[in-house]
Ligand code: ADP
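Let's start with one chain on its own, the form predicted alone, as structure tokens.
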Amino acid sequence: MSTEISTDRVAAPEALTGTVSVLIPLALPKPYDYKVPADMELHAGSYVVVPLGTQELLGVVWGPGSGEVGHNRLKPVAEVLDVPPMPEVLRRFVDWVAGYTVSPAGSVLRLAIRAPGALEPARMRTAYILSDARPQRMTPARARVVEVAEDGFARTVRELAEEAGVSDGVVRGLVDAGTLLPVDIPTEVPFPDPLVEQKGVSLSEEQAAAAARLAGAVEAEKFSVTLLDGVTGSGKTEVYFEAVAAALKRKKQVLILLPEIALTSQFLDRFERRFGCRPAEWHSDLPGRERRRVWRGVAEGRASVVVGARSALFLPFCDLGLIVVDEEHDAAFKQEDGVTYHARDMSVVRASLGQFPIVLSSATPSLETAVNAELGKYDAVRLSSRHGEAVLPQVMAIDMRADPPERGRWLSPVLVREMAKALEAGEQAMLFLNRRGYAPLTLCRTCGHRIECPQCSAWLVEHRFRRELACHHCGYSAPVPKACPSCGAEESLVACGPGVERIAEEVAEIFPEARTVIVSSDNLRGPAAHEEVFAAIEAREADIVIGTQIVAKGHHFPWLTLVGVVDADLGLENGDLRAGERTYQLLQQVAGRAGRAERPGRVFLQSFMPEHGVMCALVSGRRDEFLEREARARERVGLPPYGRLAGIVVSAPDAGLAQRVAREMARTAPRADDVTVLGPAPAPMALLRGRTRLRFLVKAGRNVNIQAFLHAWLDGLKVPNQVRVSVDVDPYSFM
């Protein structure tokens, strides 16, 4: 691989002198002032090293000094790093997110500095370019090397030798003669340029019209939000690829957000088929060296397209021109720990600050997005049919009261018969159950004891293949005991309820000849494992797929014609305001895996409540009526998107301490019009990782500045060091 040496320079912003304010990526509410040494050139956005107490820490110049502290009392900036300054729009975004989420600005900044190695000097290697000097003796071999080097690209000795078809010694002889001059080039692999003019798949008339509208939004070069609303298998990805191409033609960077790492494998293949190369990736499983390469490539404009998880939103794009949020409804876009933010909503803010378009893509849009489209705040583009010859699957509910499974089993006879038909036809079947492990509960038949996590208010899940009990909230695990921990009775422990491992055991008994694969986060670690198993399914190396929500979206299996949902009522049990919406979205996405090629698909929902509104909407296909009912129900009680919510969780290792702090907070809660404070009450997950948790819920009108209310309540709040007070504006989880 050769690298062209460029001497182009970008004009630097105006230098700052005297004092500067520096934001440090710690839980600090604002920047601190520092002196600028006379021999140091600093700009807004410069990455610097500054003293804080006895340490020297990384920081970012946020602007001129505030003047709050006298110049003589300030410490000087210790070092400025050779990195492109953080763009002004990203600094404004950090401030905006901090204000909206009621988080310290330094904590948000930490999200934007997730690759500290990228701030270190780049590792270099020696390459060579052609000089004006020629050797006294020019052999045919040397002439071939000179001919290769005449294009001006810098190459290593090995690269020159391979391209010229000579030995390394010939090249080194030209170096000794001064014909080849050494230059330093980065050791990292350069980012390939997408082939923008390369044609994608043939689009239908409906798809082409949608693609033209998205590309038009890019060409307008102004802020807009467009909902790309298409049924599963309608080719939404190929449609928004045309918007990506339009942005690349205008020399703009593109960010595509995906909710799950598991979705990246097939997506990257599709991107490569369309653009001739793979985009840069950004997610938690990237090795440190690759994170450094991508972060630096984004900052320097060498990485033109990034596909990543929610944290990619905080990368230092130097010229971002389009964001696509795929599966925009997915709850995985909500960051629950640390700075709690929703990547979909913050993506809209990022596009607004940068004045460029954003596309929200989904087959099952969130109610918030659907309402914004209905009100005209967002544009909407609809794809109503599947691409090519594929048609939407037929969805049917199995009433488990009328067609129950055999005793000790979990699959209805109706579903078993339909699976047998699919297998006889040489097709694939998928069973979906959003529950990992073998069984969600282990209890004693003698005394009724239920085995719980010692650190959380949650039952331990049995993983029979690993012979252990595990907590899916804190990671605690222990071997399955031989006797009841409470009464000591032996051979009395029984597994209650099914997980995917138990369903696999049942399938093996019913269909012993079928090749079965379990797809769960327990047995798939990292993108490589996901890629391997999904490639095997696509290649028909499995007959029956048994999976959790990992299999629900983004995958295309041409031979998969039957989907069975083992417990369709499962998501309706948690009782939060989005339970119905989430269940509908998940099951609709699961159903969308069936019949994506020319073979028609069938979907069976095992339910004890087939008359429930969610089940009726799935069977009838009347999504819009379901969303309308959900919207009206929330509007009547002022819940999002027709009202505001904020959750506050008080936690401590000592239950009494948590209760005392929560009672004091309740006493000092301010009174305000159109604001109701509920609680404190034990959180549904009342014990998590050994900490007792109490929850407040702040409910406010749509036009209330809920952040101002929270600041008036919490600013200046004195709590013991062992107590944590966590704020979640627009909560998605109520655990």
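When you see a residue number, it is the position in the sequence shown, counting from 1. Computed from a predicted model, the values in this text were never measured in an experiment.
Just so it is clear, the following notes concern the form predicted in complex with the named molecule, a form of the same protein that is not shown.
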Check: Applying a 4.5 Å heavy atom distance criterion, does residue 661 contact the named molecule in the predicted complex?
Finding: no
Check: Any of the heavy atoms of residue 387 lying within 4.5 Å of the named molecule in the predicted complex?
Finding: yes
Note to self: Within 4.5 Å, heavy atoms only: does residue 159 come near the named molecule in the predicted complex?
What the structure shows: no
Notebook entry, point to check: Would residue 202 count as a contact of the named molecule in the predicted complex, using a 4.5 angstroms cut-off between non-hydrogen atoms?
Noted result: yes
Notebook entry, point to check: So which of 606, 234, 651, 561 gets a non-hydrogen atom within 4.5 Å of the named molecule in the predicted complex?
Noted result: 234
Notebook entry, point to check: Though the named molecule is not shown, can you say which of 92, 466, 556, 473 has a heavy atom within 4.5 Å of it in the predicted complex?
Noted result: 556
Check: Out of the stretches listed (194-202, 278-286, 217-225, 440-448), which one is close to the named molecule in the predicted complex, meaning heavy atoms within 4.5 Å?
Finding: 194-202
Margin query: Going through 578-609, which residues have a heavy atom within 4.5 Å of the named molecule in the predicted complex? Please give them in sequence order.
Written below: 596
